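Two forms of the same protein chain are encoded below as structure tokens; each is given separately, as structure 1 and structure 2.
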Structure 1
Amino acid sequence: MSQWPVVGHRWAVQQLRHAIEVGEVPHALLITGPESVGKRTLAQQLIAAMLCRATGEERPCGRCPSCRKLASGNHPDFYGVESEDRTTHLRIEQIRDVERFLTLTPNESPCKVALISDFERATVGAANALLKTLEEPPTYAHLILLATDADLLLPTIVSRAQQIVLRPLASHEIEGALIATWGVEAGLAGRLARLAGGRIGWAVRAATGQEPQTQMEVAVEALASALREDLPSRFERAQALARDTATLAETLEAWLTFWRDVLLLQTGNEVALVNLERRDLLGSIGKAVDIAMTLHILAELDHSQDAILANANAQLLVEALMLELPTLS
């Protein structure tokens, strides 16, 4: 039996394939996990398998009319909604569209499937609007919700759905997949896998050039330089960083991994080091500052990320961070 093209999450794949085989896919399924960890890929495989018309072979077959319609976005028994971009909410009207879709009997399949992505961005009203359908869906209806974290959802939503929790992948899983499936050269694959923080989607995009993989290196480079600069230079740097709002969150995330590495070195635990190629710099910082300082900076970075999510003034935020950084002479 062939496998679903999903990297990692073997137990989840197994569980869902089993559900397909015995025809007991839950009516309400909640797939959670960090960004780019493979939630949508898994959901798409599941949906394709549910709608696939192949018999006597592994579903989805990828060839039947149903699989082809799904691939081209023309499957009448599938409906997907997501927030329009990364900053907007899922609205009540979008949920009502889903309900309207599920109200009517299937067109050409035995079941109807609605996929709601980014459910953590649903407004309270939108989430509540879904409760009734989630609890008492029509017999043929299946709802699949994707969210980064169940704790960001209404508890009443979570308790009405079967949950599948996807965790960040181990870096060797990502490394292996990059080499085997995407033909990435081994050295690069290892590096991307460490940088990916368990997010296969990010690693693949980085390897295939869709994600500026240098972004993380740029961020770490900026940090390394800032550590040697005086305050005015740092403020200029802060201004430039803050202007690029699209990458700021990523930059902060990269800095977090950097300082975590410092902490790991300081505590004598090198196994989980991410920025291996900067081992020397990390080491010298680790010697120059104490753990308390490292913890403090990590906490600052962490709070800054929260503040960014809360739409704080990016420039002030980065400047504040610059004030906190120690100076390497």
Structure 2
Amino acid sequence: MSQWPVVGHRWAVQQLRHAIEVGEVPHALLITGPESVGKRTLAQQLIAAMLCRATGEERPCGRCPSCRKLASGNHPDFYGVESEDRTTHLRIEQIRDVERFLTLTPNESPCKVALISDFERATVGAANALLKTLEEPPTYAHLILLATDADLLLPTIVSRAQQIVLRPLASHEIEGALIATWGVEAGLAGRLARLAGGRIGWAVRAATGQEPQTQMEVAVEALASALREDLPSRFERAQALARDTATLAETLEAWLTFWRDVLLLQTGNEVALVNLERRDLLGSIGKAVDIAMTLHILAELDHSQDAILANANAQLLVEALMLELPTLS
């Protein structure tokens, strides 16, 4: 049996491949999981298999006209929507376009498929506009939604879709894939797998360019500096961080990973540390604050990530985080 080029998530791949084989792919599918964990890759393989016209072999074949058209972005029975960037919402007009696409019968495949990425960024109006399609889908129509967390969506949307929840991958899975598929040197692959926090997409981007690693290093350095600053200086830093909306979500993720490392040290689990290069700083923080404070900060960071996705005021959010941070001497 041929394999889909998806790193990890074997159970999800098996479930979806079986659905293809027996012709029971749900009309509405919701794939959730952390950013860069592999949601889009999984969805792309599913869509390719659904539209593939090959017979007598595993789908997608990658060679038939349907597969070639999809790969080139010109398949008439596929329509994709995503937010323009991290700061924009999915608008009701975009959802209307999806609805119009799905009302038309397929051109050359047995079904039509629409993929909506970053659905947590949909406005309430846009999400509500999708309900009719979810309630009364044409027999040939399939809608795939991608989101970081189902809790960020309207319950009426979640209840009408079959959900697949992707979890962060084990470091050894990411390390092995970087070496085998992307030709990364073993030492670097191990380091990137550790820093990735289970996000294969982040690891691949870091392996093929320095930007993700640099962003993480800058974010951790900003946190380390903030821990030694007075409140006015922290508020100035918060203002600068909030202005950089393109990287704020990644900054919060780096901070969350850092404070998880603090908790690991406090609970005697040093072997699982991600920020090994910051071991001394982690130790200083672990001694300066108690576990209750660490857990509180982790909860605040987790809440802040959700708030950013819900379009909260970025500056107020980061300023509130700065108030929670301890001050190191």
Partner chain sequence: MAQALYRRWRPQTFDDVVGQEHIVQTLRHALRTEHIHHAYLLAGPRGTGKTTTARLIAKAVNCLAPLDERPCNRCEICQAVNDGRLMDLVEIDAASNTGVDNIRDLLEKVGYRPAQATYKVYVVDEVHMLSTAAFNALLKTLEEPPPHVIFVLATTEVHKIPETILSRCQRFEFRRIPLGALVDRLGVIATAEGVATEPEALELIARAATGSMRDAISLLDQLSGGDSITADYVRLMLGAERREVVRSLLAAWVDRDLSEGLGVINRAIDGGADPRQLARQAADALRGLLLIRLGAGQTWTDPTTEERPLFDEMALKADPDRLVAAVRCFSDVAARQRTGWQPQLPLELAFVEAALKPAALQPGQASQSPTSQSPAATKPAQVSAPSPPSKMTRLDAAHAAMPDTVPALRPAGDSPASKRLAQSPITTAAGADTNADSRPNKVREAPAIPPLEVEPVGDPASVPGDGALAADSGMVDTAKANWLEIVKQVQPVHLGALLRDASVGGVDQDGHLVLLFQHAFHCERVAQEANARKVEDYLSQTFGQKVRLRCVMAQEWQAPKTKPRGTTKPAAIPIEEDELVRRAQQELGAVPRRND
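This structure is a prediction, so every number in the text was calculated from the model and none was measured. Throughout, residue numbering runs from 1 along the sequence of structure 1. Think of the rigid core as the biggest set of C-alphas that the two forms share within 1.5 Å after superposition.
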Worksheet item: Of these two, which one is the form predicted together with the partner chain?
Response: 1
Item to complete: State yes or no: after fitting on the rigid core, is the Cα displacement of L273 between structure 1 and structure 2 at least 2 Å?
Response: no
Worksheet item: 2 Å or more on the CA of R63 between structure 1 and structure 2, with the rigid core superposed, yes or no?
Response: no
Discussion item. Taking 2 Å as the cut-off, check whether the CA of D306 shifts that much or more between structure 1 and structure 2 after a rigid core fit.
Written reply: yes
Response to the item:
Aligning on the rigid core, one finds that L241 shifts at its CA between structure 1 and structure 2, in Å, by 6.5
Practice prompt. After aligning on the rigid core, report the distance the C-alpha of W255 travels between structure 1 and structure 2, in angstrom.
Written response: 3.8
